[in-house]
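Only one chain is given next, in structure tokens, and it is the form predicted alone.
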Amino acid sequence: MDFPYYPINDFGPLMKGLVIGALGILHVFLAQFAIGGGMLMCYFQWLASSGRCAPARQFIDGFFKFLVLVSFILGAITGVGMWFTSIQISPRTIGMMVGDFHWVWAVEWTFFCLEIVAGYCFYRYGTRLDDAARMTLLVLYAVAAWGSLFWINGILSWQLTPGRWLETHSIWDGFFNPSFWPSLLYRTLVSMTIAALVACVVINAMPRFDRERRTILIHRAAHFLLPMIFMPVLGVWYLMSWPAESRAWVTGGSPAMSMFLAIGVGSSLLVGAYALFAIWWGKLYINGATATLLCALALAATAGGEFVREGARKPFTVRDVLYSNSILPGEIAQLRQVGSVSEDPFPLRDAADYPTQRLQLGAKVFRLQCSICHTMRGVNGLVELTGSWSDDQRRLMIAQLQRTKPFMPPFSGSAVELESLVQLIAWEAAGRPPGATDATLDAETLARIQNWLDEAGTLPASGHSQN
């Protein structure tokens, strides 16, 4: 069996998912701001050219500079950071996404290039152009930015709901998957909301405007908040497009995901209620502090939503295709026979810290199968999670992992590897005593582990996988 091994990086006490999640949330927030910002500026340019809002043109010039400095620069840095960390953390997932959708990525990058060119042309020459030329550049920018969202959305939603692609492997069956349209429409409304909230912050930070002009601009920007009334319907539609197991995680199956769903929904409701009743209905003025607080709530909603979207795929990183530890369901049976790290060519980091061969083997198993979602000591640490278990409990719980924690993939190694992992956890829990020696493997213990592995099988908890 030719199992593909990749070098796996260590982030110390930080869980790898936490590293990429923090980058991803910030990048998504900035990207959606850039998308909604293009639409907002087209609207304000129309207001300026039609004479409906006198300070609109001045606002666009100031707002676009802010968008370029924040979204283009910080968004580009976090975007590159996302690719860099994703390739280090889950290279097989990235390889599958690029391999199956390379032409889609190429189209998306074309739209992204148009977005950057149109944006910088407006940044450089916008103040010198007439209204028609300004509108042309802004429309090009807005269409390109939303087009980039359109193409990326198809790939990201495919990870959760591959749909008919599982049978046909057609690029278009994967792209136009069951959650494509609700996800696209929902993200479009989120982009408009974020752009309007950031606009309120920028308006308050522009000294050229007095209170009266700021009020006019804020109430115009508030028009982009009104579509939030459709978010609950789109949210339910999006949720119902998920597989039943994924919906179960967020509606009680996983307390963490239920909590983050509540954070996302609650933050969105607070922003929506304030926008509808205070800004639109009550015509209240929003000062800089209030606008910043609303942006923070929007960021919290983004964080909750992205955490839930990522977590809902568990135990997969591509639903029904690739487990979160980058092992295919169809590879597990063979790996249990030959061992998951028997041919792993990459040495351990600080191998000398592990005094026995058994502990070194356990460390390799942990690195391959566990380290994507766990640390040994730190965020989501195995020592803390299994601290009250006996060695026999650890053996049983890990052998039947998909039953112990249904959002985790089955254990994919041999009985010897599982015992080595258990001994590693026990050694770590004891404070890494320096005098550890290799104990003789007990045949009865290994037979018990093997029976538990056979009983659990190789299917996920839902029992429906499979490639």
Partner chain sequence: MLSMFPIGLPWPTVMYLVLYIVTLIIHVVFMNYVLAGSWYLVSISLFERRTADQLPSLVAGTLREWLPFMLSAAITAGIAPLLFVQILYKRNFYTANLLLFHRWMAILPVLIVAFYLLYIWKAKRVQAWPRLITFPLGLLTFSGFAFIAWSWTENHLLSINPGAWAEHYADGDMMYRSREVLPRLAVWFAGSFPTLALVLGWQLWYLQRDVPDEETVGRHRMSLLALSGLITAAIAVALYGVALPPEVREAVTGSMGWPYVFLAGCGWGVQFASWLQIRRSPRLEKIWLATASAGLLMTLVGVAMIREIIRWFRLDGNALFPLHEQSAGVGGLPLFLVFFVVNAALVAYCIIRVRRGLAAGASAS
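Numbering follows the first chain given and starts at 1. All figures in this text were calculated on a predicted structure; none of them were measured in a lab.
What comes next is about the form predicted together with the partner chain, which is not displayed.
**Student:** Would residue 73 show up as a contact with the partner chain in the model of the complex if we use heavy atoms at 4.5 Å?
**Tutor:** Flag for residue 73 set to yes.
**Student:** Please tell me whether any heavy atom belonging to residue 180 falls inside 4.5 Å of a heavy atom of the partner chain, as the geometry stands in the model of the complex.
**Tutor:** No - in the model of the complex, heavy atoms of residue 180 and the partner chain never come within 4.5 Å of each other.
**Student:** Report yes if any heavy atom of residue 8 sits within 4.5 Å of a heavy atom of the partner chain in the model of the complex; otherwise report no.
**Tutor:** Contact with the partner chain, yes.
**Student:** Mark residue 252 yes when one of its heavy atoms lies within 4.5 Å of a heavy atom of the partner chain in the model of the complex, and no otherwise.
**Tutor:** The answer is no: residue 252 has no heavy atom within 4.5 Å of the partner chain.
**Student:** Hey, of 256-264, 129-137, 204-212, 232-240, which bit sits against the partner chain in the model of the complex at 4.5 Å between non-hydrogen atoms?
**Tutor:** After filtering at 4.5 Å, what remains is 129-137.
**Student:** Which one, 285, 389, 120, 280, lies within 4.5 Å of the partner chain in the model of the complex by heavy atoms?
**Tutor:** Only one option qualifies, and that one is 120.
**Student:** Quick one: from 68, 399, 424, 48, grab the residue that has a heavy atom within 4.5 Å of the partner chain in the model of the complex.
**Tutor:** It is 68 that has a heavy atom within 4.5 Å of the partner.
**Student:** Of 95-118, which residues get within 4.5 Å of the partner chain in the model of the complex if you count heavy atoms?
**Tutor:** Heavy-atom contacts within 4.5 Å come from 95, 98, 99, 100, 102, 103, 105, 106, 107, 109, 110, 111, 112, 113, 114, 116, 117, 118.
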